[in-house]
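Let's start with one chain on its own, the form predicted on its own, as structure tokens.
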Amino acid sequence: MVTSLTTLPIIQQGLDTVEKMMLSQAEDYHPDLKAALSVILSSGGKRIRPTIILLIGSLLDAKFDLLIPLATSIELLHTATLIHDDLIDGSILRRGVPTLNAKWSPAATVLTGDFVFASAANMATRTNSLEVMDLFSRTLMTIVNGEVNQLFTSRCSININDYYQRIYAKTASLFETSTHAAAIISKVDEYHTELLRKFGYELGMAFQIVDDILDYVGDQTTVGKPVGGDLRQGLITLPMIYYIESNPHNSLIQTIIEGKTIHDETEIQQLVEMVAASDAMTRAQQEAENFIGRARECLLELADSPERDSLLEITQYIVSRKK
């Protein structure tokens, strides 16, 4: 649980229903698919997106029987992207638990991810909204396009605009879709729909920047995966971009500027420690808080309510989290 939502029983009830619906997707299919989905979902997760969807819908008096499939579809889509990401990145741990590809063949992992994508799309149809289904499909295209860009053009890129485009595609686009779709289901006016879309965008950008900070300073036992993972893949995130700006003549930095990925583990650890001890971390944290500040401004235009208070609490959680 990302926040003290036990004070809102209807939200907890909704999250419990979402969890059951996710687990039930492989009920009538191959037993190995069912087992894989159970393992993936039991490894935990913050469930931030479905929580936000349910809070917005509750605040705006949306029909709960439409919010539940929406929240389920978004979390299944998120889960499917993680399955494929872990395979592409060669990750063997997520949240401290072995990834699916650490146990299964690449073919089986890809097929499981495909099944979860299909399940997510199927759940999206249950919202009975063509607008939501269109938004869902375009978001998936954005995420996949971002992954392709990361594979072919983002290695050792130190361009900050490229970085922001990358984290939008990777993370913020799904937060944005979550809040935008919740507004659509709630049938609010155009102004409030745009306000909530922007809230999701700002929140998602902050979330990924904090993730990138934790990749340098997080505790592996807490984060659930080794630090420095992005650097090993040649992905230059905001803390490193800021560090490069202040230390362009460092020999290891020169290697990155030349477009070369650092493979030596000792050098990677050395660079991770230098970045972690620098003011680049403070600058990156401040940028995350700038995004969160704009997200909070969006929320403060909504009516005062317990749901809004919980959404404001989530914004604080996102910039202060340790995993």
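Remember, it's a predicted structure, so these values are computed and weren't measured experimentally. One-based numbering along the sequence shown.
Just so you know, the form predicted together with a further copy of the same chain exists too; it's not on screen, but the next bit is about it.
By the 4.5 Å heavy atom rule, the three marked residues 227, 272 and 322 all fail to count as contacting a further copy of the same chain in the predicted bound form. In the predicted bound form, no heavy atom of residue 211 sits within 4.5 Å of a further copy of the same chain. Under a 4.5 angstroms non-hydrogen atom cutoff, a further copy of the same chain in the predicted bound form has residue 25 among its neighbouring residues. Using a 4.5 angstroms threshold between heavy atoms, residue 64 stays clear of a further copy of the same chain in the predicted bound form. The closest non-hydrogen atom of residue 152 lies within 4.5 Å of a further copy of the same chain in the predicted bound form. Listed stretches are 106 to 114, 230 to 238, 174 to 182, 244 to 252; the contact stretch with a further copy of the same chain in the predicted bound form is 106 to 114, by a heavy atom cutoff of 4.5 Å.
Out of the listed residues 84, 192, 78, 170, 84 is the one that sits within 4.5 Å of a further copy of the same chain in the predicted bound form by at least one heavy atom. Shown here without a further copy of the same chain, the chain has no residue in 180 to 212 lying with a heavy atom within 4.5 Å of that partner in the predicted bound form.
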